[in-house]
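In structure tokens, one chain follows: the form predicted alone.
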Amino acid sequence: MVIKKLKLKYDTKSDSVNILAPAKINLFLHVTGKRPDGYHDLFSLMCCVSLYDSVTLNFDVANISVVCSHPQVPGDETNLAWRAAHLFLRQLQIDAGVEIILDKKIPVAAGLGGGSSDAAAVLLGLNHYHKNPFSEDELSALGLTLGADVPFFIFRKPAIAEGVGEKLKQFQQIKPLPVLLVYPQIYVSTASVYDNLNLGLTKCKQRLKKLFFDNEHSFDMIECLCNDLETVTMHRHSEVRKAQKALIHHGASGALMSGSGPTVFGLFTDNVKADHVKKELLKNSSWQVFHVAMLV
């Protein structure tokens, strides 16, 4: 049984569930302030894209375990998917196990939310298997204890995210343009990026006020592309700015770093152009390039 795109389906003839866990991009990311608990408040527009990890849950087991195709992803209790399963079963107060098999296609620590999406997929799959004991809001509350992006991947619709990312409002004005994701294959620490962000130097507030807050009903996706975290990541990693410039040079309508990076995405007007640019960008052997669709 396979859950295609963002729809959850379950095959009662099999004691397993397979879920496609999508990546996401941030079409804008404005950091509005730092909270007393050390986390940051955000105002961001998030959208899933058609790059998926495959998450398989097998239930005929006694304990929780994780097997992953990616060598850098741990298989123990430090794995977010493992923690999601443990949290769900503890909350349900049952003594049960699940084998979690992760087929990773989303790059690791790339600003695309792969780990959070896998954790959300585990929560959704377990909830369905156990006959939906938790509502979507309850699952999101559980997910928030695992990570700020997990509620979005349970919501699975384009959304304005506020707070640390848990306050979600569906956003329906996105035009589904073709997207190229460029992953420079470098490591970026999200925590370090936020720790080194100077809120006095963030630039998205005025841009979004003019283009979004004051004119929401004529939303221009290209003009709203803005990420306050770019200044930190690009200062440390010139390859991220190089990828952004390459996308613009080859004809992207706009390009932006997703999350804390290092992945940069470019928006295109048609798939033929995106395919051509993908071939050009793959000439840089240190980059991974994905041609994906926005899931709206």
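In this text, all values refer to a predicted model and were calculated from it rather than measured experimentally. Residue positions are given as counts along the sequence shown, with the first one as 1.
What follows is about the form predicted together with a small molecule, which we do not show.
*Asks:* My question is simply whether N196 lines the interface with the small molecule in the predicted complex - judged by any non-hydrogen atom within 4.5 Å.
*Replies:* Contact check for N196: no, nothing within 4.5 Å of the small molecule in the predicted complex.
*Asks:* When the contact criterion is heavy atoms within 4.5 Å, does N79 count as touching the small molecule in the predicted complex?
*Replies:* Contact with the small molecule, yes.
*Asks:* Does the small molecule come within 4.5 Å of any heavy atom of G163 in the predicted complex?
*Replies:* No, G163 is distant from the partner.
*Asks:* Can A159 be called a contact residue for the small molecule in the predicted complex at 4.5 Å between heavy atoms?
*Replies:* Because no heavy atom of A159 falls inside 4.5 Å of the small molecule in the predicted complex, the answer is no.
*Asks:* In the predicted complex, which of the stretches 166 to 174, 111 to 119, 125 to 133, 88 to 96 has residues with heavy atoms within 4.5 Å of the small molecule?
*Replies:* Single hit among the candidates: 111 to 119.
*Asks:* Here the chain is shown alone; which of L225, V179, L139, V73 has a heavy atom within 4.5 Å of the small molecule in the predicted complex?
*Replies:* When the small molecule is considered in the predicted complex, the option within 4.5 Å is V73.
*Asks:* Is it the case that P184, Q244 and S286 all touch the small molecule in the predicted complex, with a non-hydrogen atom of each within 4.5 angstroms?
*Replies:* Negative, none of the three is within 4.5 Å.
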